[in-house]
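Considered here are two forms of the same protein chain, supplied as structure tokens in two stand-alone entries, structure 1 and structure 2.
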Structure 1
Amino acid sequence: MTLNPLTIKKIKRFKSIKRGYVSFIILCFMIFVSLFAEFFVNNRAAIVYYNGNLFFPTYGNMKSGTSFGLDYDYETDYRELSRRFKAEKNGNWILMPVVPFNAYENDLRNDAYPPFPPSLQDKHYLGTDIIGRDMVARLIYGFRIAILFSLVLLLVNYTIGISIGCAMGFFGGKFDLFFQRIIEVWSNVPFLYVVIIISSIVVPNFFMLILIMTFFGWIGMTWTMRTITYKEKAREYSLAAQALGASNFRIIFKHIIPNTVSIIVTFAPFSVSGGIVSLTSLDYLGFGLPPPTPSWGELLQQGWSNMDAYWIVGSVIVAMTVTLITVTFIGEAVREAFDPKLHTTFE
């Protein structure tokens, strides 16, 4: 795909807005780390060197203890194995991830009850939650779910919104009128309340929740898209295409949609942050993804009911603030680059 000069100019303009560009790099880095979180935050070792062979247990089936010369058949406890190798000193070694816990295991002790405060010695860098799961692991895996959730939600919402909205604006007439009425009805539904009622009844999984949210969330993009298409259709270039005998299909996909992309793009970052906030709110109220899914909302709920464990609330709020602010800054920069509204100031 070759980019046209105009797009290149917009991307250059985006890069020149430092605040937004830096945020973009930070967010990409965060997403990248979270996608490969198994290497950094896991109870499986990254690399095991045992009797002259290298093992990479991060992905794939679990390796039973017997394959490393232990006396049990269930999955190897790599933290234990690491200690053992060190004590034996016969050339075997293990490279553990930075945080040697996964998001689901409870690190219980005999002499104390969780939550445990942050401690470098235990490798719980941000402490544990109230049932002893590592906070770093919960945060990172929670971030992965939240960001994937809002990206999928965005994709579904925008696909529906763009197709219906574009058709409404382009064809007009009865089709337009029919959907206008539906949108008027739909936009008066108390969104959060109804979503909560539904998800309190059908305990939703990832895709069910996307479905429920899309069911009430598609109208925003549809309405915007309708207005833009309406405007673009009346402009000379599309009239010219019509006069030349181009098919509707060609006009929509070759002429109108490419011209609306820059406006759609400016909405995307704000939809992403909206998606993260809605998922977190639902999880906080207990109507989001079912436990034990790692989630920021559930951590906020834990921190809210255990305020003495300041590290729970503290780390979630910092993580959330950083994420949402970077997304908002990206949004601002994208808007400035793609849809510049140059304010003439009074002099």
Structure 2
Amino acid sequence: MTLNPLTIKKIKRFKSIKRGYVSFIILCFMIFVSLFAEFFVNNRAAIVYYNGNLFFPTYGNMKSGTSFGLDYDYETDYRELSRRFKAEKNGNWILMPVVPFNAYENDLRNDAYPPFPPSLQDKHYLGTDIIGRDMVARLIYGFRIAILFSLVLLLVNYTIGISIGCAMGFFGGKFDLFFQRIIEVWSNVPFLYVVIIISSIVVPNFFMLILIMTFFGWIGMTWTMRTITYKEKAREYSLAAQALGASNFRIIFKHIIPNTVSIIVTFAPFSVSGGIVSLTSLDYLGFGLPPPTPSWGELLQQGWSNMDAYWIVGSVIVAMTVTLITVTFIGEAVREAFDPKLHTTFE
């Protein structure tokens, strides 16, 4: 499939904006690591070589201790198995992830109470939280949930907002007035109060929070698309399509929306940033995802309650700062590369 020359020009323009392009590479790397976090941060081994056989426990079934000559039937403690293989020196070996802890595991000690400070020896590179869970694991898995949440929320909000906004701008009249009144009433409903009420009745999960956020998140894109559609439907290419007998569906989806892609794409990175901040804020206030789900907001709350454990709040602030800065730089680069004042698609 060959790309449109105008699209190629926009991509080259985006790559020429180094700050945005480098931020895009960094964000893609962060997403890649989070999506395949089990290979890098996990208490299951990536590869186990035992008596001439290879085992891949990361994404496979649970392997009991008896599978590797141990005297118990529950899941193997691969960190202990690694130490045993090194002591026996009988040719068996094990490849552990860089961080050999998962996001839900409590690493407790007999002579101290968590939180534990960063330690290379214990492989808690950023320390632990207040109940002994590894901070790196909580940050990476928390980022995966946050970025997936924001992307799903973006997709749902944009699907609803673009559809209703285009319909309002294209058909106008009573249809437009009807939805204007609905949006005006709906936008005055206090979002946080709704979340508090729902959280007091049921424990919100990932999809429930998506649903709640969608109830309020589609309004902004709807107003934007309404305004753009009013402008685009009066242009020559749209009037020509109508004169040729094109259906309303074809005019909207084949002509108007493709000519508004630059504006839609420009808003997308900032919407992703807003989704991450919203989920983190709800988790911080205790109205977000239920524990023990990995969450940056929950870690911020722990850090606020335990200021002596500087590594907790410090790690989360650095992670959020890097993420939001990269997304912002990407948004700025996309906005400049897709600037409608520099490019047109309807001629």
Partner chain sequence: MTAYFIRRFILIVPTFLGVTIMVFAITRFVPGGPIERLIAQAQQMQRVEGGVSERSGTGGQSQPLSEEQIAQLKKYYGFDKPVLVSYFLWLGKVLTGDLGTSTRYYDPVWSMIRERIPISLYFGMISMILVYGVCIPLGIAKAIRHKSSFDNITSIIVFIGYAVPGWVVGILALVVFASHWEFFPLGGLVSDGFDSFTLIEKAKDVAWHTILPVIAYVVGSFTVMTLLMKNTLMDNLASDYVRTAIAKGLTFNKAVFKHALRNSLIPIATHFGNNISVILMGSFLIEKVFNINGMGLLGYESIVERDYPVVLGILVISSLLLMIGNILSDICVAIVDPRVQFE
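Structure 1's sequence is the ruler for residue numbers, which start at 1. Rigid core (definition): largest C-alpha set, two forms, superposition within 1.5 Å. Keep in mind that what you see is a predicted model, and the values were worked out from it rather than measured.
Novice: Here are two forms of the same chain; which is the form predicted in complex with the partner chain?
Specialist: Only structure 1 fits here, because that chain is the form predicted in complex with the partner chain.
Novice: Align both forms on the core first, then report whether Leu95 has a C-alpha shift of 2 Å or more between the two structures.
Specialist: No, shifts by less than 2 Å.
Novice: Please state whether Leu211 has a C-alpha shift of 2 Å or more between the two structures, with the rigid core used for the fit.
Specialist: Superposed on the core, Leu211 moves its C-alpha less than 2 Å between the two structures.
Novice: State yes or no: after fitting on the rigid core, is the Cα displacement of Val261 between the two structures at least 2 Å?
Specialist: Comparing the forms between the two structures, which are aligned on their rigid core, Val261 does not shift its C-alpha by 2 Å or more.
Novice: In Å, how large is the CA movement of Val202 between the two structures relative to the superposed rigid core?
Specialist: Looking at the C-alpha of Val202 between the two structures, the offset is 2.7 Å.
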